[in-house]
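To begin, one chain is listed below as structure tokens, in the form predicted on its own.
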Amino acid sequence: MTFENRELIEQIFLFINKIIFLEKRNIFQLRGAKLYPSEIHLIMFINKDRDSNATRMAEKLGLTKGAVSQTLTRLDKKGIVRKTKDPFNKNELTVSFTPFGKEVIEAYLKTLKGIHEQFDRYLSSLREEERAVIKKFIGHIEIMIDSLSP
């Protein structure tokens, strides 16, 4: 079978694979602490919803409680969060940021802002029609990916 757009299709798959494999690599470091995407997702969630416990985190993030617990344990060992037993429910953990954890959040948000600014500069250099094509294409990819999920 031949495809009219083989080169572009291959470039799209290469891009998707880079994103997938990014999940396996640390993507942020601060003072010797290496953070992986799963850890960053969780600390960003905690930063938004400070009153959340492990069960609510798992529910809202679509993860198992065990996955959340393991990630929290890694973050605790790295000195980013402190886990404590909920005084009202001994089966639940509450989580708070350490001073280093607050520093990590601040540094990560600063890095993220820089990335957003780069995207914004590039997208601002495009015509409205070009931005519309990108938006439509990304929406199409999301629909395709969603259709692969059981």
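Since the structure is predicted, the reported quantities are computational estimates derived from the model, not experimental observations. Numbers for residues come from their place in the sequence shown, where the first is 1.
We do not show the form predicted in complex with a further copy of the same chain, though everything after this point is about it.
Does the 4.5 Å heavy atom contact test between residue 100 and a further copy of the same chain in the model of the complex come out positive?
Judged by the heavy-atom cut-off of 4.5 Å, residue 100 is well away from a further copy of the same chain in the model of the complex.
Is residue 117 close to a further copy of the same chain in the model of the complex, meaning a heavy atom pair under 4.5 Å apart or at it?
Contact with a further copy of the same chain, yes.
With heavy atoms only and a cut-off of 4.5 Å, decide whether residue 122 touches a further copy of the same chain in the model of the complex.
Close contact exists here: in the model of the complex, residue 122 approaches a further copy of the same chain to within 4.5 Å, heavy atoms only.
Check residue 62 for me: does it contact a further copy of the same chain in the model of the complex (non-hydrogen atoms, 4.5 angstroms)?
It does: once a further copy of the same chain is placed as it appears in the model of the complex, residue 62 has a heavy atom within 4.5 Å of it.
Can you check 88-96, 49-57, 108-116, 28-36 and let me know which stretch has heavy atoms within 4.5 Å of a further copy of the same chain in the model of the complex?
Among the candidates, contact is made by 108-116.
If we check a further copy of the same chain in the model of the complex, which of the residues in 127-147 reach within 4.5 angstroms of it by a non-hydrogen atom?
130, 131, 133, 134, 135, 136, 137, 138, 139, 140, 141, 142, 144, 145, 146, 147 sit within 4.5 Å of the partner.
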